[in-house]
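Next up is one chain by itself, shown in structure tokens, the form predicted on its own.
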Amino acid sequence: MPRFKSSHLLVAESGADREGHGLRRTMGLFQLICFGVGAIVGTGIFVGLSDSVAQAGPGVVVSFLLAAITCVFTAFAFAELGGAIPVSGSSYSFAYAGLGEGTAFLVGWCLLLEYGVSVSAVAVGWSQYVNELLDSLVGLHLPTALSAGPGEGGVVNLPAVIVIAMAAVLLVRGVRESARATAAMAVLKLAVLVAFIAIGFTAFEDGNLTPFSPTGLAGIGAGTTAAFFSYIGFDAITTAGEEAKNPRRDIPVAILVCIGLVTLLYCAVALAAIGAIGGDAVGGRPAALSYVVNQVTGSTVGGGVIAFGAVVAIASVVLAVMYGQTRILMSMSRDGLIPRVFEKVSPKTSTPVAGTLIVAVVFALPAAFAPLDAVVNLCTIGTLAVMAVVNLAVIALRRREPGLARTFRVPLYPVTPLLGVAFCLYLMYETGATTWIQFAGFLAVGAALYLLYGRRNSRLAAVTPTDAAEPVPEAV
């Protein structure tokens, strides 16, 4: 029989309506929005835009919108569940309450893939823009041996390791310091992207948008899958459930504001870039935004400013996503499904120090040495699977706990979560057969780990069925 953990037990164990397990409540709505923007806006737009344009041409704007629609449906689900169950476990905890322990473990396993690959890929992208910035400032390039992994002709990607180490230091110091740094970086990178849009539109030519979809609907579909990587990270907002001042109110608002803001930004950046120099010139080009500004202004100064913004932007993604990963692992450890070292919170800094350092080492290794292109699609399909599960968890919890206090409700229920599942399945299909085979193998490894360790050590097994299933009274 599957084991379920009720929402009231999740909240009670985490202390989410008080101070969560030694974590301090320091994040207000503005910090949560900045945290969300920090987790989303980074490599996807500064580095990945060129890949999406290579697939879809000017039609990449439609690709961004389709990816955004997929995220919006799921954002509604995250908003409802994040307001009702404000705990650090995010998707993992929502699946535990709605679909059972086994599904929750696999969700946590997929989140390790999502966050691990995305942080490592983001760190590699950071290395590219560090080189671009050094070139603009002093005409210097880091040697390939120290700025690329073995698969790209180098030895070790040292800048990628450095940015992960810096994020780990900030996270260990405390969530207040991390939130302040994320907020400052989020504001800066938004200003840089707005400046890019303004510069790009000064050279905008309608003819650069034709043909709008050179590879047809298939290209737009492939571009959507590539563009989706640009949105990965918005769910990290829900991992701040135990460190937000008013999580039941602020988490739903922060999620929806972030998705809307980021979508407008991405579409405007894509139009400005392609309208300025054409899709063929943007597609497949490293550090594309700096290149566009250099071409428009005829100087490397503007490109250097964009490179600086990218360095800041990508660093903030590393910080925010690593934060989310440590909090999810903390929740899984609290439930006994993974070793207890991840749940230990330092009384001095109120942060999971040991867990953060372990995550930093695990994420730094592939960033330093491994070619990540081959697993980006695997990361995407794992993320989409988690999002589909979150939509299903909304439906399951509406039936299992109809009296649960919900500060936000998914509109047009149950149509909206079902559409969220459908859009996720469509994008999963677009990743291709090879990715599906890889994903099946990845899930098989996760299921084996659950059966061999997680299920045997689960603390829920020691909780009485009444305690585990007791509903939360409806809020007045």
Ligand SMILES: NC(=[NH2+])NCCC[C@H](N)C(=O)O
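Numbering starts at 1 and follows the sequence shown. Keep in mind that what you see is a predicted model, and the values were worked out from it rather than measured.
Separately, the form predicted in complex with the ligand exists; it is not shown, and the next lines address it.
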{"query": "Partner-proximal stretch of 226-234, 348-356, 165-173, 95-103 relative to the ligand in the model of the complex, 4.5 angstroms, heavy atom", "finding": "226-234"}
{"query": "Every residue of Leu49, Ser52 and Phe64 near the ligand in the model of the complex, heavy atom within 4.5 Å", "finding": "no"}
{"query": "Interface membership of Phe196, the ligand in the model of the complex, 4.5 Å heavy atom rule", "finding": "no"}
{"query": "is_contact(Val317, the ligand) in the model of the complex, heavy atom dist at most 4.5 Å", "finding": "yes"}
{"query": "Val122, heavy atom within 4.5 angstroms of the ligand in the model of the complex", "finding": "yes"}
{"query": "Ile381, heavy atom within 4.5 angstroms of the ligand in the model of the complex", "finding": "no"}
{"query": "Residue among Ala367, Leu329, Val321, Ala310 with a heavy atom within 4.5 Å of the ligand in the model of the complex", "finding": "Val321"}
{"query": "Contact assignment for the ligand in the model of the complex, among Tyr115, Phe76, Tyr129, Trp109, heavy atom within 4.5 Å", "finding": "Tyr115"}
{"query": "Residues in 25-42 with any heavy atom within 4.5 Å of the ligand in the model of the complex", "finding": "Ala39, Ile40, Gly42"}
